[in-house]
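Coming up are structure 1 and structure 2: the same protein chain in two forms, each one given alone as structure tokens.
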Structure 1
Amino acid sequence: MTKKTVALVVGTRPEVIKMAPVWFALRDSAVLEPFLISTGQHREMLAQAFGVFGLKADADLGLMQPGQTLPDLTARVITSMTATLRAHRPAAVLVQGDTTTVLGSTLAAFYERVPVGHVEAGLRTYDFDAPWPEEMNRRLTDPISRWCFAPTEWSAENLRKEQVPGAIHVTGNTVVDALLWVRAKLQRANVSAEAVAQRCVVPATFTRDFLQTPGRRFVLITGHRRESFGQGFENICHSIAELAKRYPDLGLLYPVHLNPNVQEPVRRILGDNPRVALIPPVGYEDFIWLMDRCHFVLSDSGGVQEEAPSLGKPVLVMRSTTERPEGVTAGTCSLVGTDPAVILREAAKLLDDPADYRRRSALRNPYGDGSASRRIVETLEWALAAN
């Protein structure tokens, strides 16, 4: 029997991470097979993510251009994806998340009358400015999708309230599948602190004091959101500096995003602080290794909010709102925004109250159990086999 092709579209590192386990599940299907399309929206980080999972794009659109605008990129995604879909005629298209790649690919598939499945559907802040433009991208993608794969019941309820016409399936988040896969890979390889530090360019002193010395606590930090550019990042950096001052035995490890709007304030305010290690962006495997060993995470990343609870790590979310409120409700995450007083207050709870820290570390991850990809593929097998 000839298998039907399902195209998976990725353009950024998070999309590769969250789609990789779906690719594996499609590969193992008796009736479906994957066709991986890369738009190249984040070219410099895609190859690294593909390498983690041993994947290679079947079609690489190479759309990344220096200084590109959102209208330019959106137009190129639509036209390039249209040509690709016409050439390969998949039975369905899967997109993940909220990027320009997602919206442009969904529109192209809609125009070509190819059904779309939206992985991670239904996330909402109901604030078009936060995150921008991602909130709008998601809200435009869901009504066009034939299958909305919601990670949680809260996300599914958002879709029901909006009366989206597609079928809604609660699957869990595929990022948990990816996280557990990578952690098992790291454990099999018995990866050492020295190897991780060398790849991540972690200073030798920080490596010795915090990565190699048992019992020494460090905080893992990430930050890149557009809405925090300017005063927001200034506040974040001053909060980190104050944490280092108040807790002399605490390390702070910050893989700094390449965007100049992030680099400038971080380097200016934290560059001379001996206990704040500023390192280049790290690969996904190394990030998971570091997250598995940190005390807690200070981040504005959506993926980190979903991943860290599976490792027992609380997250202080440096955003005023989140489209992932399940973690806040469960207690695995706390919204702290970019207000230094709030960041320091919530960090102190995790550093000064061992009992509360243990309680939060033991909470169940509300975002999934590691079987989301299998549920998605089972739904597609049933739906496409009927056609």
Structure 2
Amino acid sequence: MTKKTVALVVGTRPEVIKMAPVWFALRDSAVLEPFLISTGQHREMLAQAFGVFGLKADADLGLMQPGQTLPDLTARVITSMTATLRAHRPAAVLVQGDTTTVLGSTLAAFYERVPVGHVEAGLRTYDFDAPWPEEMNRRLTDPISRWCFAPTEWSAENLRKEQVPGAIHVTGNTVVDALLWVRAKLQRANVSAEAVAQRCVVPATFTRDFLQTPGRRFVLITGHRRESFGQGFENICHSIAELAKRYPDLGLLYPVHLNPNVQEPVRRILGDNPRVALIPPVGYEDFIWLMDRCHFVLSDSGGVQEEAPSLGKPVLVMRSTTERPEGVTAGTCSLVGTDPAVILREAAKLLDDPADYRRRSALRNPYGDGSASRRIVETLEWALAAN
């Protein structure tokens, strides 16, 4: 029997991380097989994520341009994806998350009449300005999708209220599958601080003081949201500089996203502080190793909010609202926006109040149990076998 092909679409770092477990589950299917399409919305950061999982795109649209704009990228994703779907005619297309790759590819599949499955469906802030443009991307993707794979009961309920026409399946988030896979790999490999520091280009003094010296605390930082560009990022950087000033024993480790709107203020404001280590984006495995060892995380990332509860690491979420309220309810995440006074106040609680820290670092992940990919593939096996 020939297997039916399911196209998995990825374009940015988090899409690769969250789609990799689905690729593995499809590879092991008796009736389906994966066909990996990269839009190449990201380049270096995508290659880094592919490398960790040993994946290679079957079709690479190679779309990234420095400083790309939303309308231009969206148009090019639709045009290139349409041609790729026409050439390969998969039985279904899977998209993940809320990027321009997701919206453009979903529209292309719709125009080509290929059914779409949306992995991580139903996340909502109900604020079209935050995250921008991602909230609109997923609001437009879900009604087009034949299968909405909701990570949690809360996200499924959002879809039911919106009366999306597709089938809603609660699966858990595939990021938990990816995290467990990487943690097992790290445990087997018994990775050393020196090896991580070398791969991640962490400066020697920071490595010695914070990665090799037990008990020294460091904060892991990431940030890239478009709605924070400009004043928001200036505020974030000044908060980090102020944290370093107020806590002379604290390290701050920041793998800086490659978006030029992020690079510029971060390097200008934080560039010459020896306890603030600015490093290039790091591979997923190394990022999890670093998250496992940090005191807490300061981040506006979606994926990091979902991973932190499995590692028991509090996250100060530099956003005004979140489409992932489960982490806030669990106590792991708290919303601090980009106001320095709030960031410093909340950071102080985690640094100065051991009882509060203990409460916030309890291990409980509301986003999944590590079997999301298997559930997604089983659903597709049933649905596509019938056609």
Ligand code: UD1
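Here, a residue number simply tells you its place in the sequence of structure 1, counted from 1. Worth saying up front: this structure is predicted, and the values here are computed from it rather than measured. Note that the rigid core is defined as the largest set of C-alphas that superpose within 1.5 Å between two forms.
Asks: Quick check on the two chains I just loaded: which one is the form predicted together with this ligand, 1 or 2?
Replies: Note: form predicted together with this ligand is structure 2; the other is not.
Asks: Please determine whether the C-alpha atom of S320 is displaced by 2 Å or more between the two structures following superposition on the rigid core.
Replies: After core superposition, the displacement of the S320 C-alpha between the two structures stays below 2 Å, so no.
Asks: So, does Q212 move by 2 Å or more at the CA between the two structures, with the core held fixed?
Replies: It does not reach a 2 Å shift.
Asks: Core superposed, what is the CA shift for N259 between the two structures, in angstrom?
Replies: It moves 2.7 Å at the C-alpha.
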